[in-house]
Ligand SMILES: Cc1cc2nc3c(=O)[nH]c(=O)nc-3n(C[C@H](O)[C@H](O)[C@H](O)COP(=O)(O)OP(=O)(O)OC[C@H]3O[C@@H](n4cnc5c(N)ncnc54)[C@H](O)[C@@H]3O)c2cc1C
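Read the single chain below, which is given as structure tokens and is the form predicted on its own.
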Amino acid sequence: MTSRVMQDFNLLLPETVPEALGLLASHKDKATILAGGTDLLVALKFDYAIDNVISLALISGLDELAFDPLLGLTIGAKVTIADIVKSEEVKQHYPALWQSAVIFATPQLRNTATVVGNILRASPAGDCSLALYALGGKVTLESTSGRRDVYLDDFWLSYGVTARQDDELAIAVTVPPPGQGQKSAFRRMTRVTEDLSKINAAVCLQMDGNKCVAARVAMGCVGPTLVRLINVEKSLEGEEITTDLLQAISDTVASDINPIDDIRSSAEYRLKVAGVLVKRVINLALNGGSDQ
């Protein structure tokens, strides 16, 4: 229970995407989108105030979760974290995303929170966002002027700020099809399972036998946004992944991150464990999801 009173707002219920886009065009920065609402409703009980809340509840066609071997994975704006957990295709082809969804908060929140909402939150602790960052996803944004795609590499501008404009609706996120020999994994450290991450990491490796052809390595809670560990990626690419290489990578991770002290952890702790976590998540990917 809470004694806080929710801020007043106008609840708008469009029935189609064009209707929602028209409302966004009219209200712009005086409107926000409600899909799962797990962050928005909490914010409204504190210091966040907005005149208009545009709900997606009555709009059909935004809950598509579809995998195509040639086109990849499409995750609509209303697809929940629970939908990801239940998908055998996600579990098989995108294990990093599935692993990040399985440990996401509580069952109640997984049934409500959306994947796209997790991306739009632009939190450096976003677990599903981090997995998608490693996998290389892109966000489709639509306004009355048309559609555009923004890759996650360019989407998070700063803490809580994205490339989405006020009049744009995030329609879906798309993940490219897995390449031959692709392996991915996600792992985090936290106080309790239901809590936000103290630090998290995700990798996507393109392997040719024991040799790494290409790599995307991402980390959260170590900067104002989720970050790619470019030097780690360069160290992996073109190399056979050995115990010695992983130890060398582990020893250098701290030089690529800039964590802070906050309520969940200290910068000192994050610096100490970051390299170990990266080594573990690479091993997890190589071993098909097993720590052994």
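Quantities reported herein were computed from a predicted structural model and do not represent experimental measurements. Start at 1 with the first residue shown and count on from there.
The protein also exists as the form predicted together with the named molecule; that form is not presented, and the subsequent description refers to it.
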*Does Leu245 make contact with the named molecule in the model of the complex, using a 4.5 Å heavy atom cut-off?*
no
*If you check in the model of the complex, is Val116 within 4.5 Å of the named molecule, heavy atoms only?*
yes
*Tell me, yes or no, whether Arg188 is in contact with the named molecule in the model of the complex, where a contact means a heavy atom of each within 4.5 Å.*
yes
*So, in the model of the complex, is Arg164 in contact with the named molecule at a 4.5 angstroms heavy atom limit?*
yes
*Just one stretch in 125-133, 207-215, 145-153, 67-75 has heavy atoms within 4.5 Å of the named molecule in the model of the complex, so which one is it?*
125-133
*Have a look at Leu40, Ala254, Ala57, Ala267 for me and say which one sits with a heavy atom within 4.5 Å of the named molecule in the model of the complex.*
Leu40
*Between the options Leu120, Leu97, Val203, Val222, which residue brings a heavy atom to within 4.5 Å of the named molecule in the model of the complex?*
Leu120
*asked:* Can you list, in sequence order, the residues from 176-202 that come within 4.5 Å of the named molecule in the model of the complex, counting heavy atoms only?
replied: Arg188, Glu194, Asp195, Leu196
